[in-house]
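Here we start with a single chain on its own, the form predicted on its own, put down as structure tokens.
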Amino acid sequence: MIADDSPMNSPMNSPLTSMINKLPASFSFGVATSSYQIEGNSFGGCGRSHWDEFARQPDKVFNNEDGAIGCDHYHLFETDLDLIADAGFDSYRFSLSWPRLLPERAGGVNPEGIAFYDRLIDGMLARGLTPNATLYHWDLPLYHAAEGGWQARDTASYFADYTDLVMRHFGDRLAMIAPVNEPWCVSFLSHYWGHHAPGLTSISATAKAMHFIQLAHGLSVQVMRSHGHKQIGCVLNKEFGVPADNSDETARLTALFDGIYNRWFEESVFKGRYPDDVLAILAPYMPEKFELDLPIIASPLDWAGVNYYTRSVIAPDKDEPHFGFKCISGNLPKTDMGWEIAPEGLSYFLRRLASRYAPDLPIYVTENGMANSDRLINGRVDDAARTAYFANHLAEICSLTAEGVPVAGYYAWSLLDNFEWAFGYDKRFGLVHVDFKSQKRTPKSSYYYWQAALNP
């Protein structure tokens, strides 16, 4: 299933080598994926999620595609783990599927789901890979979505129960765990802008989701702590907001964007509060007595994770009814997603996290990567732009570690081309090209550059 035609055989050929050599010997390198994007949920007893329902709606997902097959990682995980190990990565950040483990509202645990994750985790350990698990990467069971999803307090409690199930079956083999991947996407992107499941555009729904996803995080941390786990973290996505002009109003709106996208989650997790500027807008829609949940949300952590891809240029928008801004295109080079390449934003957030929010915690870049218009030509994929993207962001990390910022690891997104949510299978982020008809894996030039740099 793997096309192995390496374009290089010397670590001196890798643009990543010099950066990696500047980082501490203890620095960890890994790759990241997510369950719905790669596993395929049409086999193994997996239940339906709200993403399956969202994908059935016309024009919500490119070509009306879904995660039914994904990359067939469910059957091909041994091949994929070999790819990770052979590249020289030491850690694999993956997610477990809630509907695969608990497919029906009252149907009990799916033994096929338990067996699959047993095989997957044991396969990591057999290859010397550190398992870094995320419990929720957006595939909410459809039965919970039907009962209110992330607008309902009960969903946070059910997530705590699901956490307990994961800990009882797998917790002793999971070196690192985070409850939720990218809570901004789960809440604001999905309930206000409507770009992801459940596809709502309601400020009331958004305020509730922005709180209850944080409560789910805190309750999950408490459950994991009750099982004695000592490497619990968070994974927060960051977007660097820059003003479109020099006016005071645009500066205020850029700070508000930062509050919604970034500080809402940083402040609640690390300070037990929500930022005043955002709360002033959302307060009328927040759940009653939400303040009582803040100590739970701020349950102590052992590490902090940052997902970073791009920046946003913020401009006033008189037609925006609640927040008053819009994101416009800037003048930097862009990826195939149309996202601007701005490595300095990564440094900004890592410095801020270390100085203001988590001064005593190791910080991991838990996702960083780019979509590229990759083409398979004569059995090869030359994605030099992706390698340059990695190198430029690693250069920022090298500077930060030299300053004493405690960056402890970096995960490239992603191992495989996969189901890229609303973009279907059109956008490719992988180090490994996937032919979605044959499921043939072809390592790209970026994969071989990582392999050369990590295996001197």
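When you see a residue number, it is the position in the sequence shown, counting from 1. Fair warning: this is a prediction, and the values are worked out from it, not measured in the lab.
There is also a form predicted together with a small molecule; it is not shown, and the following applies to it.
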| field | Sole residue of N307, T155, N262, T130 within 4.5 Å of the small molecule in the predicted complex, by heavy atom | value | N307
| query | Pick from N181, S312, Q214, S187: which has a non-hydrogen atom within 4.5 Å of the small molecule in the predicted complex? | reply | N181
| request: Choose one stretch from 379-387, 350-358, 116-124, 136-144: the one whose residues place a heavy atom within 4.5 angstroms of the small molecule in the predicted complex. | output: 136-144
| query | Taking heavy atoms and a 4.5 Å cut-off, does Q37 contact the small molecule in the predicted complex? | reply | yes
| Does F429 reach the small molecule in the predicted complex, with heavy atoms at most 4.5 Å apart? | yes
| is_contact(D80, the small molecule) in the predicted complex, heavy atom dist at most 4.5 Å | no
| request: Flag E396 as yes or no: does it have a non-hydrogen atom within 4.5 angstroms of any non-hydrogen atom of the small molecule in the predicted complex? | output: no
